[in-house]
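A single chain comes next, written as structure tokens; it is the form predicted on its own.
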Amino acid sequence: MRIVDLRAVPVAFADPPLRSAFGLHAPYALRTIVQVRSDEGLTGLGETYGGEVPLRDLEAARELVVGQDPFRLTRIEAAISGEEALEASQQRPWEGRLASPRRAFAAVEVACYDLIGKATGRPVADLLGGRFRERVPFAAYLFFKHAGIGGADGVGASSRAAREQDDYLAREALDPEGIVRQARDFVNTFGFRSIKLKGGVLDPEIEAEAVRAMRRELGPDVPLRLDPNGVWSIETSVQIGREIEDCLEYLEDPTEGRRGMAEVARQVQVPLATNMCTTAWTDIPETVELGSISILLTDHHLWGGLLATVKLAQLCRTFGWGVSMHSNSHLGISLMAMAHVAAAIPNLTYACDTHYPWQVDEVIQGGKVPIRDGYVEVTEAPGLGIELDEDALARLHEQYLRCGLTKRDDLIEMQKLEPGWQPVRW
């Protein structure tokens, strides 16, 4: 079997006005949908970050991928990373055209695994070593947010849908009471059994009170997490960490850098997790030496694919780290890729993050993937178990062309709401 075409289509889909330490989500989130077609008429699907840079990378990778055997993923990875060219000529380092070869390969690799699964009649999870679990746990992902549902309505949506939809998608949540109500909606609607709050937005004492309020509302048995995105000082991280450590399952990236995280880890009892201070294989030795974290949030989009994520989880077991999974705004292809790799990781010790409940658009046939009792099911269906809806893809591609966004920039979006706004280091 050979790859005869690689297609990358940029899309935009409605994203509510969610707050982060870096600003505000734009009315549209961007992704890139990848299709790898074989000479046997099969097509594998992948999904990655959106905007002009990932798209340019994938377009540059096309000539490196077409003609390859999708089963020989190490050769494809070598071609995309430049190792193949370097091996052929040692006269000078490869001057690749890709901004992020690892990210580009990850998107192609997912599509190839989907293709291989369809060719062999096996689910992707079984190609990664076999399913350890049939259902994958996901956590509710809560945000401080402004009123609005995103898309053409943007912030302060006045559409009929937003007015009639008095739920977490439309409502403002800028205080502990709003977060508690949001948490209750997520639990009631999706059955989530773990809850994460994106912090670094309001005064840390207010965010700590939001955690305490959720604990009072939900009882002692629902794991809670808080993620300030690295914008707290070491002093603030220690103070707040100590105040609410009896409420938290873990505290994610309270401060920046491996050394800062290590200093906090020495002074608080709550476990520290990261998807920011350790993001590459070369970061691991120093992370271990310093004792910066107890939990690593994997992400196949960033770490080099599904197989790399399985290997990363194995490494976490060596160091005694817990394993969870990072998320960004995404569609169903990424959700199912996350579910399949998570199903193949025996030491998935914490429920995975996902933004998926915040997205209402979809590019796969049948609409959104169901989340029931906080789980996504990995079935016997071959590949990722999904198929592309070409009409939906065309609609979201047209939306990409119309919305005018070419990259994510939370700072600019926040400054539209509050001119001159800058991130705060608490």
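Position 1 is the first residue in the sequence shown; the rest follow in order. Please read all numbers here as calculations on a predicted model, not as lab measurements.
Another form, the form predicted in complex with a small molecule, is not on view; read the next lines as being about it.
In the predicted bound form, none of the heavy atoms of T287 sits within 4.5 Å of a heavy atom of the small molecule. Residue contact with the small molecule in the predicted bound form: E252 places a heavy atom within 4.5 Å of it.
A residue is said to contact a partner when one of its heavy atoms sits within 4.5 Å of a partner heavy atom; K198 meets this definition for the small molecule in the predicted bound form. When contacts are judged by a 4.5 Å heavy atom cut-off, H355 counts as touching the small molecule in the predicted bound form. Within 4.5 Å of the small molecule in the predicted bound form, a heavy atom is found for not a single one of H301, S334 and K407. When you look in the predicted bound form, the only residue of N275, Q182, S292, S81 with a non-hydrogen atom within 4.5 Å of the small molecule is N275. Between the options Y168, F143, W321, F190, the residue in contact with the small molecule in the predicted bound form by a heavy atom within 4.5 angstroms is F143. The candidate stretches are 238-246, 174-182, 323-331, 70-78, and the one lying within 4.5 Å of the small molecule in the predicted bound form by heavy atoms is 323-331.
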